[in-house]
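Quick setup: one chain, the form predicted alone, written in structure tokens, and binding and motion questions come after.
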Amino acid sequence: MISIKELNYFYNVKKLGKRQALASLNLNIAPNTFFTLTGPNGSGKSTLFSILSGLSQPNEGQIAINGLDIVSQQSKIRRLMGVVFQNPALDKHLTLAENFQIHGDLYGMEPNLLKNRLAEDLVWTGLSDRLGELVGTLSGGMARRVELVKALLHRPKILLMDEPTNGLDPGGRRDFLDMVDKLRHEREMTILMTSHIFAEAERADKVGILHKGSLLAVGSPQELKNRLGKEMVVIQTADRQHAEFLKEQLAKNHHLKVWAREGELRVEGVDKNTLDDLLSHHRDRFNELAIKRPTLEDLFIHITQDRKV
């Protein structure tokens, strides 16, 4: 459904010259897939989103959406695509009904068709009786639901969402993503979502980890986490000096793979003897030790780690 080949994107920074935001990016997203692109802020997620949604054009490379070229066939692609932007694309000074009407007009929807689709879609939002209210009076979670309804009115095959849960509390994030996943199955849509929250990415069928413009890993959440094994030990040290000492001891005496970040050590392959050694001889060097299953955040830290404490 989405094919990206050797995508490069540059932009100019005042007094610094040209800077590369995306580097030789290759990605294929199959139809009816929920794909999440994750990584820290500044990794290139929103740049890619801007290109896919037609707001920017790539400097180099090819992008096809449902077999259509993103540069020369943009108008046809827009018919296939619904978009939920990171910043709200609603007029808060207009009512819900007026915002929906503007969207329907842009897509040439007949009044009866728009009315029927709103009746169908507002059922799962809890907003059926609030069409006459101003968008500016809604809570963040409700406003996000309005954004989603608007993006789906023309029944797109592809839904793009850029950090759609920004500003929502944990319960609101969960409810919003539950709703999206349910609709995706019902309507057989392809979804590409960006998120800097690694836990959100674990809900997807496929995940891509982006860092400094490069795609470092792609796979199902479980496939990616399996790279780190079934379990790992996380050690919170008292300070960076203790972290450096423990890292050296674990690597030298126990031949373990250790990576560190800001005084925290993450260790693969720890056995009972190693745990006994840590607790018996080095207990004063750490504040906390936990055994946990790896997460996508753990994998990100692992593959971007420069191996310095």
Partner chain sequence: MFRGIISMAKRELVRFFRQGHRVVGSIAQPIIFWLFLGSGFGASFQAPGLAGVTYTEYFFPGILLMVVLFSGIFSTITVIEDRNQGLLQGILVAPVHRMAIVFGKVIGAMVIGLLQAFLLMLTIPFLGIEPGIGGVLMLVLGLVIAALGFTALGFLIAWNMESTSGFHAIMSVFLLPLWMLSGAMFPMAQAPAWLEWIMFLNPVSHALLLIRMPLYHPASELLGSSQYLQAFIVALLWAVGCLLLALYRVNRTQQSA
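Quick caveat, the model's predicted, so the values are computed rather than measured. Numbering follows the first chain given and starts at 1.
Absent from the display: the form predicted in complex with its partner chain. The rest refers to it.
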request  = Have a look at 195 to 203, 235 to 243, 108 to 116, 178 to 186 and name the one stretch with heavy atoms inside 4.5 Å of its partner chain in the model of the complex.
outcome  = 108 to 116
remark   = Of V83, L228, L215, V149, the only residue with a heavy atom within 4.5 Å of its partner chain in the model of the complex is V83
message = Looking at P221, P164, G104, G208 here, can you tell me which has any non-hydrogen atom within 4.5 angstroms of its partner chain in the model of the complex?
response = G104
task = Would you confirm whether the three residues G54, Q57 and L90 all fall within 4.5 Å of its partner chain in the model of the complex, going by non-hydrogen atoms?
result = yes
query = Is L134 one of the residues lying within 4.5 Å of its partner chain in the model of the complex, judged by heavy atom distances?
reply = yes
inquiry  = So, R79 and its partner chain: in the model of the complex, are they within 4.5 Å at any heavy atom pair?
reply    = yes
request  = Would you check, heavy atoms only and a 4.5 Å threshold, whether L94 touches its partner chain in the model of the complex?
outcome  = yes
ask   = Any of the heavy atoms of S75 lying within 4.5 Å of its partner chain in the model of the complex?
value = yes
